[in-house]
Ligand SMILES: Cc1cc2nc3c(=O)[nH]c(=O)nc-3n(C[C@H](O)[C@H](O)[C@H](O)COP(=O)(O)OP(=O)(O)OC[C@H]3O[C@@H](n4cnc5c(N)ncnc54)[C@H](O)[C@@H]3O)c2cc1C
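Take a look at this one chain, the form predicted on its own, written out in structure tokens.
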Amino acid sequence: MTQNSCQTDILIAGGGIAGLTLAAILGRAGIDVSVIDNFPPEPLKDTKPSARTIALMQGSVNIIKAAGVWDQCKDFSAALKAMRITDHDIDIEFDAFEIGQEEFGFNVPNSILRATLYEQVQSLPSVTTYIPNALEDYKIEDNHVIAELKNGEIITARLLVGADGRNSSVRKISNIKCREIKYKQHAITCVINHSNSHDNISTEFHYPSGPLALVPLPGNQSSIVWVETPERAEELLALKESTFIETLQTQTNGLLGGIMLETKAQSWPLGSIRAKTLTAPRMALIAEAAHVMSPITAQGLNLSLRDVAALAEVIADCLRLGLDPGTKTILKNYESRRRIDITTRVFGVDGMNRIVSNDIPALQKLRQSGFKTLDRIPPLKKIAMQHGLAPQIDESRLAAGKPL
């Protein structure tokens, strides 16, 4: 070991929401964890709610509770008590009480959740943060990961976790290929103030270019996720604020009354990514390093947090038995738990996006017929809601609200 070297059990490359959640859950269990990320969030006291928000389903809320930060986020979130889909002349509403729940989950600003998680991991004695910093390279040597950081520091770990996003350096260094689809779509996001109450109902309008969702926030505020073609998104962002607001009101049928922008609108390109494998020697991928989806149905971060829960459980169970968390058997356990959930969600959301984001008469008729069938048959509607909240494929104890 050189002077600028250190050792840890678990090295997490990526300090976004998924990476920090994993670090917090493991750190609270006393497991030795290190986190690398190039972009530290602002201190929580200086953090403003962002234009991008996350609709956390109840299982994901339980995982955030396991990270110890839900109480700090709660005041910035809004309950999602019902979800409404408007598709031409079809209007269907899914109420949480139909499946015996008070709400499906909560909508939380990304910036608040990440800042809260960052403060939490900094407070945990068993977690070390290398922020700002980045992974330069890594190799496997003597049953350990030897990771080199951009500043020349060396970290030796038993397991490396790639939580470094859709352009994951860990995935590239591991030479893991991925299936990627680039959609001809951009998502426009912003937060609006409005005169009418949202009544804790999330509403999604279906248009040929993609869905437009209004998702409740505290008070008379909502977050907007508006999917458009890249050309149209560029045109919309170039509009005067008053014209943008007028266009948004027209697209949402004036549902929320008079509106004003709380945050400036921004956009990003959409696509689908699925890594062909989740593991390599002494390495596991989670979240957007492993899969990326369209924001339609709000599945992305919920899927990522199920990765976090599964990997945390596998690591903790392994260490309790005195085993090495980086062995092939342990990593195979993680991969087998996550593979079906990830594959079905990525392909399912891709298919849903293709069905919703067009006006081909046959597909439009099929789509609307499906919604009508769901509305007419309560047991089928209940199954659809339960599957949308969380699959029964990976029975995570953290998602169920049980201890690690």
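Just count from 1 along the sequence shown to find any residue number. Here the structure is a predicted model, which is why all the values come from computation and not from measurement.
Note that the form predicted in complex with the ligand isn't included here; everything after this is about it.
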- [ ] Verify the contact flag for H206: yes if a non-hydrogen atom of it lies within 4.5 Å of a non-hydrogen atom of the ligand in the predicted bound form, no if not.
- [x] no
Open item on the list: Residue-level contact is defined here as any heavy atom of the residue lying within 4.5 Å of the ligand in the predicted bound form; does L278 satisfy this criterion?
Closed with: no
Open item on the list: Against the ligand in the predicted bound form, would T343 count as a contact residue? Criterion: heavy atoms within 4.5 Å.
Closed with: no
TODO: Evaluate I155 for contact with the ligand in the predicted bound form, applying a 4.5 angstroms cut-off between non-hydrogen atoms, and reply yes or no.
DONE: no
Open item on the list: Just to confirm the contact call: exactly one of 89-97, 320-328, 127-135, 239-247 touches the ligand in the predicted bound form at a 4.5 Å heavy atom cutoff, so which is it?
Closed with: 127-135
TODO: Report the residue, out of Q299, T252, S202, S272, that has at least one non-hydrogen atom within 4.5 angstroms of the ligand in the predicted bound form.
DONE: Q299
TODO: Check each of S77, S111, T189, Q221 and return the one that places a heavy atom within 4.5 angstroms of the ligand in the predicted bound form.
DONE: T189
- [ ] For the heavy atom contacts within 4.5 Å of the ligand in the predicted bound form, list the residues of 153-187 involved, in sequence order.
- [x] A163, D164, G165, S169, A187
